[in-house]
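Here you get one chain, nothing else, as structure tokens; it is the form predicted alone.
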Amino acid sequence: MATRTVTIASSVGLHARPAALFVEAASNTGLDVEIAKPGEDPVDATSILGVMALGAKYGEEVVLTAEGDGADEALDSLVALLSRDLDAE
């Protein structure tokens, strides 16, 4: 299982548009991807309700995990996405 930790760069956190863009990207990987705040239970990264319920705010760290062929590359692209201020784009 591949794992990455990233700091949320979007000024509004993982809410509304940034969450939708992240969920779309996670879905497009075709892998089982999960996201969690450190020490909390993970949620399905392809579920908009799960991701928004996570309540990840600007500057907070989240942990991404994925399993399957291409998991490392998929997580690297998701980390790059979350490292940008998606709300400002």
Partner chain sequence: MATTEPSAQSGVESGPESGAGPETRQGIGVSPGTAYGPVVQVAPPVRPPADEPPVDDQEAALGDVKAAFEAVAVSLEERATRVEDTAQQILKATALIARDKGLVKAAAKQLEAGKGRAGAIAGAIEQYAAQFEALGGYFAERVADLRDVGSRAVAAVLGVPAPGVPHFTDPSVVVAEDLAPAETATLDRALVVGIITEAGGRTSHTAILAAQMGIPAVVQLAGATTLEPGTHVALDGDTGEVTIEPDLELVEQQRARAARRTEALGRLSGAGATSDGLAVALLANIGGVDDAVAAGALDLEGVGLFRTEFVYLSATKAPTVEEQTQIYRDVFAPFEGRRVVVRTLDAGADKPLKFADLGPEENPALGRRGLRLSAERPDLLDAQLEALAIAARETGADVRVMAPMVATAEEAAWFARRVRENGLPKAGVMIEVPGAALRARDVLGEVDFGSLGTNDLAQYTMAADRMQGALSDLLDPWQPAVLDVVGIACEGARTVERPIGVCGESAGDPLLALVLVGLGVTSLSMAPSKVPVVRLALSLHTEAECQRLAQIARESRTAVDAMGAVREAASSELTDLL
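For clarity, every value in this text was computed on a predicted model and none was experimentally measured. Residue numbers count along the first chain shown, from 1.
Below: the form predicted in complex with its partner chain, not depicted.
Asker: Indicate whether L81 is a 4.5 Å heavy atom neighbour of its partner chain in the predicted bound form.
Answerer: No, L81 is distant from the partner.
Asker: Should I48 be classed as touching its partner chain in the predicted bound form when contacts are defined as heavy atoms within 4.5 Å?
Answerer: Close contact exists here: in the predicted bound form, I48 approaches its partner chain to within 4.5 Å, heavy atoms only.
Asker: Could you tell me if V63 has a non-hydrogen atom within 4.5 Å of its partner chain in the predicted bound form?
Answerer: So V63 does not count as contacting its partner chain.
Asker: With a 4.5 Å heavy atom cut-off, would you call M52 a contact of its partner chain in the predicted bound form?
Answerer: M52: yes, in contact with its partner chain in the predicted bound form.
Asker: Within 4.5 Å of its partner chain in the predicted bound form, which residues of 27-45 have a heavy atom? Give them in sequence order, or say none.
Answerer: Stretch hits: a single one, D44.
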